[in-house]
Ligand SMILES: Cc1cc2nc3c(=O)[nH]c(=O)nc-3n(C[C@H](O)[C@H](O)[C@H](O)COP(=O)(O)OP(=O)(O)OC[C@H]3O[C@@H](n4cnc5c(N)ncnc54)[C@H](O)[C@@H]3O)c2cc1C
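Here's a solo chain for you in structure tokens, the form predicted alone.
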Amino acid sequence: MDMGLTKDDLDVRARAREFREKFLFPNEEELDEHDHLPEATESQIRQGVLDYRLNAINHAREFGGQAMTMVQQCIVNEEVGAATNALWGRVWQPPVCLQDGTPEQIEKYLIPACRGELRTSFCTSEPTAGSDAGGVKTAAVIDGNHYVINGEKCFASNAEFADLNLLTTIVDSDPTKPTLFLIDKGTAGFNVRCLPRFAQRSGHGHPELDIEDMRVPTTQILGEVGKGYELTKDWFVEARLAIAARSIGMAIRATELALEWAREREQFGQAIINFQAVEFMIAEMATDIMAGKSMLYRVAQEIDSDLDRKTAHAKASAIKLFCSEAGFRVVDKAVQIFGGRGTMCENPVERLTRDVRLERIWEGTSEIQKMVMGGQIRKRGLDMYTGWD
């Protein structure tokens, strides 16, 4: 297997790196302080995404995307993921399952989303259905040519302003019929109950929703009745690899900053890089980064070589688990090297601490990834994770 980057891969990396340093890094502290950016700044960032050809990297050119390989998607997410306060979210990647819509749905939703003209939200989690996706209770009942939907959602990231919400339901209160609906902004019965405050200040929230007697045309189903989890699984593979790549990007930035500080900071008459305690921490940080990048890009290449869906889903869990946990270990060591200065909000490593902590939770906690892996090992053996053809 050739693990080297192609000329196109290197071009993607250069563009993503230049973009983040021009449009993301300069806006970190203002976003952290005010929890929002001026609309003029947001507009500049959106135009920058388009100018640097980083919009909809996960979709085909026929839909207005960049048709990047999985390796290239990981490169972009690694580079922009180093920006604090989830500024990486400004580089929009519409849910991959939208490509399974009807021609009319693709025209109405996917193509504008790829252009950055339509913002999306995925509404799945509920008070009783977080890690247990099968515990969804939001129910859709047929009524003529409409469905009437009732339920509640939480951690519905961006739903307070999204133009399109992908809503996970069960049809006829039957857990064997998980179904995704496309909900337009302003649909009657789709209500934001509250907008909790979180540690991360990103300019968007994770609201709690009440769905009350919401009438939705049958034409707003994405895919087929009962196929919701299959569509969600494809999205999970992509999302988990993106999390892994972002975690590596955060870890690299934290290590670079810690190394620079360790070379400058003097105690007991010498730079602290010369002390074995610090040197060992940096060595451990480098090892975690190297290991994470190796597994991430190896599997990304396998996916680009048509790895089957079930295997990709299983391996994505291992990658998300290791990289998010490793990223947290690395950033935590960076804070330790900085000492008290590592807890100052003006220091990127403090903000990275808040960001990377979330990566161990959303799109499946570390414990859920272990459950996925354990199930795969029971059914298919260790070769799923230890083999290499």
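Note that residue numbering begins at 1 and tracks the sequence as displayed. The structure displayed is predicted, hence computed values, not measured ones.
Missing here is the form predicted in complex with the named molecule; even so, the following discussion is about that form.
The shortest heavy atom separation between I361 and the named molecule in the predicted complex is within 4.5 Å. Using a 4.5 Å cutoff between non-hydrogen atoms, V372 does not count as a contact of the named molecule in the predicted complex. The closest non-hydrogen atom of F181 lies beyond 4.5 Å of the named molecule in the predicted complex.
Although the partner is absent here, G135 sits far enough away that none of its heavy atoms falls within 4.5 Å of the named molecule in the predicted complex. Here the chain stands alone, but in the predicted complex its contact with the named molecule, taken as any heavy atom within 4.5 Å, falls in 154-162 among 211-219, 154-162, 279-287, 71-79.
None of S131, Q301, T102, N150 but one reaches within 4.5 angstroms of the named molecule in the predicted complex through a heavy atom, and that residue is S131.
Proximity to the named molecule in the predicted complex, defined as a heavy atom within 4.5 Å, holds among T187, T232, T124, T255 only for T124.
Contact annotation for 173-211: residues with any non-hydrogen atom within 4.5 angstroms of the named molecule in the predicted complex are F198, H206, listed in sequence order.
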